[in-house]
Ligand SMILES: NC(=O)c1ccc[n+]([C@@H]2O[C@H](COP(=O)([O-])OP(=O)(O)OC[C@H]3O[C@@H](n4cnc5c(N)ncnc54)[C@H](O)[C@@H]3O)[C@@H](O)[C@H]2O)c1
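The chain below stands alone and is given as structure tokens, in the form predicted on its own.
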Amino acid sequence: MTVTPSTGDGPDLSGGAWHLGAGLEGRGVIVTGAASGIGRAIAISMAAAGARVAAIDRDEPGLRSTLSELLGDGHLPVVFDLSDSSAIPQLVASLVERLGDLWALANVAAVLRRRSLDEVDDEDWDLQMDVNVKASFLLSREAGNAMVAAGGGGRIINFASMAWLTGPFLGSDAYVIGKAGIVAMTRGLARSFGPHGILVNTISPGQIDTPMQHLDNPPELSERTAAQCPLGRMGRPEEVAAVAVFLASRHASFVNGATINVSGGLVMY
């Protein structure tokens, strides 16, 4: 397949191409954490927009379930543990070759271990930093360099949490420290890759109804938090996925280094 790359200089919306995922048709997209939650919703939404998705997760049955929901052809299920950082450069190189084109990377995968401050040990810290921060950095760097080499621009979408701004709740200190680091990392990558037409942004979800949201989280606390949102409810993974599709599309051609708040107004900034 021959793909004419978009340089990111501005949206080409001729011919009435005003749909949310304009420009994603036939493009290669990598999505981590694709077996469940927000990652699954993003993989499904990117495929619905016409992209060819390399769906990455360590959960093989979950990946098979996600792949069964993807519209179109050319999608790749990739079973991979992101804590294996030494293998990430080869992973990206392989996916670029197999996809034949890399337009976007969505770094969605994350690990949360709820521990009180005094209970956080080296293993808890290292795992969350390795998967949530180090893997996102390495994937972004490798994918960004591949996009630079291809010369057609691209998109990198990272994921924080509303707690990067509010601070941690309920034993999520190490997790939130990492998510704050994602915001700073995104700004640095946006400066480095922006001149090449590669736009790098962060999505900061609020309370979204995913398996992670309910992990070691008392139901009454989840319900109370949802009631505090001006919309009176949790968000849905599909509502976050729509923002990711926008950021990957031609419509986001002048959005770079941003942290997009998707919390229904639970936090405002």
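Keep in mind the model is a prediction, meaning the values are calculated, not measured. From 1 onward, residues are counted along the sequence shown.
There is also a form predicted together with this ligand; it is not shown, and the following applies to it.
Using a 4.5 angstroms threshold between heavy atoms, residue 38 counts as touching this ligand in the model of the complex. Mapping the unseen interface onto this chain, residue 226 falls outside it, with no heavy atom inside 4.5 Å of this ligand in the model of the complex. Using a 4.5 angstroms threshold between heavy atoms, residue 211 counts as touching this ligand in the model of the complex. Though the partner is left out of this view, residue 193 does not reach within 4.5 Å of this ligand in the model of the complex, counting heavy atoms only. Proximity to this ligand in the model of the complex, defined as a heavy atom within 4.5 Å, singles out one entry of 119, 126, 97, 81, which is 81. Of the listed positions (110, 176, 92, 147), a single one reaches within 4.5 angstroms of this ligand by any non-hydrogen atom in the model of the complex, namely 110. Residues with any non-hydrogen atom within 4.5 angstroms of this ligand in the model of the complex fall in just one of 22-30, 43-51, 218-226, 58-66: 58-66. Residues 131, 159, 160, 161 of 130-169 are found to place at least one heavy atom within 4.5 Å of this ligand in the model of the complex.
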